[in-house]
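Shown next as structure tokens: one chain only, the form predicted alone.
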Amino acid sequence: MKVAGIEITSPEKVLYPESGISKIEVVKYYEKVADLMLRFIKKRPLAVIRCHENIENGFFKKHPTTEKSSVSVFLDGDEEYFYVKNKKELIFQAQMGTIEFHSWGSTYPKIDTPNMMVFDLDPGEDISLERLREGVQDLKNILTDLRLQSFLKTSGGKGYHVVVPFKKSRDWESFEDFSKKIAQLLETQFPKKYTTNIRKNQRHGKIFIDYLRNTRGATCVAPFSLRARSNAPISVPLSWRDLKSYAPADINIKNISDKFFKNEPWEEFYFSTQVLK
């Protein structure tokens, strides 16, 4: 069986034991979302979670090995990294057992010029969904006050991601520093609601504003990527009006609506003129 010119081996292998989702279902999903997904990840260095047998034995992979001829490879110092530039390379990743795609905040060859800032709102165990959504809105308000347009997506896990695109920035150090200041500003305004402390024992009753993905080499799960978790949830781009309609892990490979393929809530993301001076 071939998909996008790639021979798919063991298509009926069950990758999600609990829900019975097979490898060919995963491959077909990525075929369906390829154009939308590539619009975002094309030329972004990737790290992937690959599951040769099923999601219970996946591993994190950020360097190309035997598949070098089927991905786009570049050298950064002494290290090799990879990205995908077309549907065939994306489907090849799925054929190799890749479930999750995580991307850098920059694109090749300008890997030292970040263009995507990410804030991950990670709720403590005792945080309600309503509180989490309030946190997302509070962060959006701060960004709006700074005249920065931001975009929303589900994580496919516990939280939401707020993403800020830039046409131009300076370097990773200033990029991280700016994101840290935004997170600290939210923490200062609402000290009982938010924290930037990475220690989990300091997060009781608070939402962790994770800005640490805004460093060189750090990654964030890509829009439309599946997650290697029960029921195959998806990290889906949302419009801001959809914040109250979808919880972080609501949308999965079985129930994703065609509306997410026909309407692009991140259309303006790709034409952003925002500059981080």
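These numbers were taken from a predicted model, which means no experiment stands behind them. From 1 onward, residues are counted along the sequence shown.
Keep in mind that the form predicted together with a small molecule is not shown, yet the notes after this line are about it.
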Contact test in the predicted complex: H161 vs the small molecule, heavy atoms, 4.5 Å: yes
Residue contact check: H102 to the small molecule in the predicted complex, 4.5 Å heavy atom: yes
Partner proximity in the predicted complex: G157 to the small molecule, non-hydrogen atom cutoff 4.5 Å: yes
The small molecule contact at E134 in the predicted complex, heavy atom, 4.5 Å: no
Heavy atom distance at most 4.5 Å to the small molecule in the predicted complex, all of K140, V236 and D242: no
Option from 63-71, 36-44, 222-230, 22-30 whose residues, in the predicted complex, bring a heavy atom within 4.5 Å of the small molecule: 222-230
Contact assignment for the small molecule in the predicted complex, among E89, D120, E187, E176, heavy atom within 4.5 Å: D120
